[in-house]
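The chain below stands alone, shown as structure tokens; this is the form predicted on its own.
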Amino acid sequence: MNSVSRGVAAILAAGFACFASPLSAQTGDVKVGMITTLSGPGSGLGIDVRDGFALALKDLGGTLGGLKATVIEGDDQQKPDIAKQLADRMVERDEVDVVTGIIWSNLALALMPSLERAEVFFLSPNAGPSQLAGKQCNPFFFGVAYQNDGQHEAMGQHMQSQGIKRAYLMAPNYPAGKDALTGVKRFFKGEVVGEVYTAVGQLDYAAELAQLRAAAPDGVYIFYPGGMGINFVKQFEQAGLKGKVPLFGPGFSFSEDSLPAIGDAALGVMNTAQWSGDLDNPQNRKFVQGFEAAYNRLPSVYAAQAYDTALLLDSAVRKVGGNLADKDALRAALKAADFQSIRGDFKFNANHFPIQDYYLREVVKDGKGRLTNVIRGTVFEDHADPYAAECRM
């Protein structure tokens, strides 16, 4: 935990008595279970989620909807069994009101049944598996970031518009990887000359890059978050493929948490996301400036999603007057999404997943020589996922 996070945690532990509203005295506090990946190759994603949520709480004076906020952290180590154990403990021992923080779709699927039985809301700041958007949609799940297919659908549309005829697709072999390539193929109508699923956590891609070179595609699309993406993009350049085969990806493979480690190998790569640091609205400017000041680094899409998750929860707690025991009212308040998202327009579909815009971004260097993303266009406006029609809530 860096100094800012330690400071926020300490302030939260102290109770923020000086900021507590009358609601606090009436109904107690809001307990948030923050289960995320804080160790291993995927830890950069979890650290950004934790820090983005903490920054929002700091901006909200340590409260959510006027109630004192307490955050209980747990490192899931990117393991489904650990995530489930943490969720069970936080529900039974700590009596948390909501759970958030999960990065990985397989972890989200693992702990959702327990949370539903306990009637505890799960506000996902990242994972958005297709199962929970469609037939397995759940009244206690809200996907605050996106449905997994979204960023990939947007790039599939961009590749189609760019005249790519023969595409090579790669992703890790887990639910979000399958969703990713399904999303690309939903809008890319050319020939897929290779569709490769690699092991989750794989860091050496020499064999796959040789196969990619032999296929000679017009473009390659990758979905590799965290350490997987860092290694792949660097090895792609080392293999001499940069500049010869156009590389495309989702925003979270070229997010600001990974770009410093990837280095100049990422320069010029086009990617798609529902948020960017240069989105011009007051909430986003405040978030970007606040994050950089607090943590001395640029915010990533993961940090942005976590910041919005806290703002959503703040709005819902306020809307129910702090009565967290009324689950139906709290669900309605969450679904109303009555907050100013740093993404701009934001609303939930019937399956509790966002309807939002998706942008085309390019990796560039800013005035300080740091790698970041800038918006080059809007691919989708008010885009909804394709699974909502299967949801019977």
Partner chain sequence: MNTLLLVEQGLNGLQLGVMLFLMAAGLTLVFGIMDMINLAHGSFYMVGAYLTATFAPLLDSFALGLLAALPLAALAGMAVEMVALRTLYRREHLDQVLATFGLILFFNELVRIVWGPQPIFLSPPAWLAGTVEIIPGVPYPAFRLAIIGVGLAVAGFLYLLITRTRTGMLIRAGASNREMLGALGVDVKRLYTLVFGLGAALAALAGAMAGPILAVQVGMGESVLILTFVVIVIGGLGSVRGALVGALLVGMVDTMARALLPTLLRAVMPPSQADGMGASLASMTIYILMAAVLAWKPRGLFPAHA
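The term rigid core refers to the most C-alpha atoms you can superpose between the two forms while keeping them within 1.5 Å. Numbering follows the first chain given and starts at 1. For clarity, every value in this text was computed on a predicted model and none was experimentally measured.
Another form exists, predicted in complex with the partner chain; not displayed. Remarks below refer to it.
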Would the partner chain in the model of the complex be within 4.5 angstroms of a non-hydrogen atom of every residue among 195, 230 and 234?
yes
With a cut-off of 4.5 Å between heavy atoms, is residue 40 one of the residues that contacts the partner chain in the model of the complex?
yes
Look up in the model of the complex whether residue 208 has a non-hydrogen atom within 4.5 angstroms of the partner chain, and give yes or no.
yes
I'd like to check something about residue 286: if you look in the model of the complex, is any of its heavy atoms closer than or equal to 4.5 Å to a heavy atom of the partner chain?
no
Report yes if any heavy atom of residue 89 sits within 4.5 Å of a heavy atom of the partner chain in the model of the complex; otherwise report no.
no
Within 4.5 angstroms, counting heavy atoms, which one of the listed stretches 309-317, 262-270, 102-110, 137-145 is next to the partner chain in the model of the complex?
262-270
Of the options 238, 160, 323, 85, which one has a non-hydrogen atom that comes within 4.5 Å of the partner chain in the model of the complex?
238
Tell me, out of 81, 292, 116, 204, which residue has a non-hydrogen atom within 4.5 angstroms of the partner chain in the model of the complex.
204
Let me know which residues along 151-188 have a heavy atom within 4.5 Å of the partner chain in the model of the complex, or say none if there are none.
173
After a core superposition, would you say residue 166 shifts its C-alpha by at least 2 Å between this form and the one not shown?
yes
Against the rigid core, is the Cα displacement of residue 240 between this form and the one not shown at least 2 Å?
yes
On a core-based superposition, does residue 77 travel 2 Å or more at its Cα between this form and the one not shown?
no
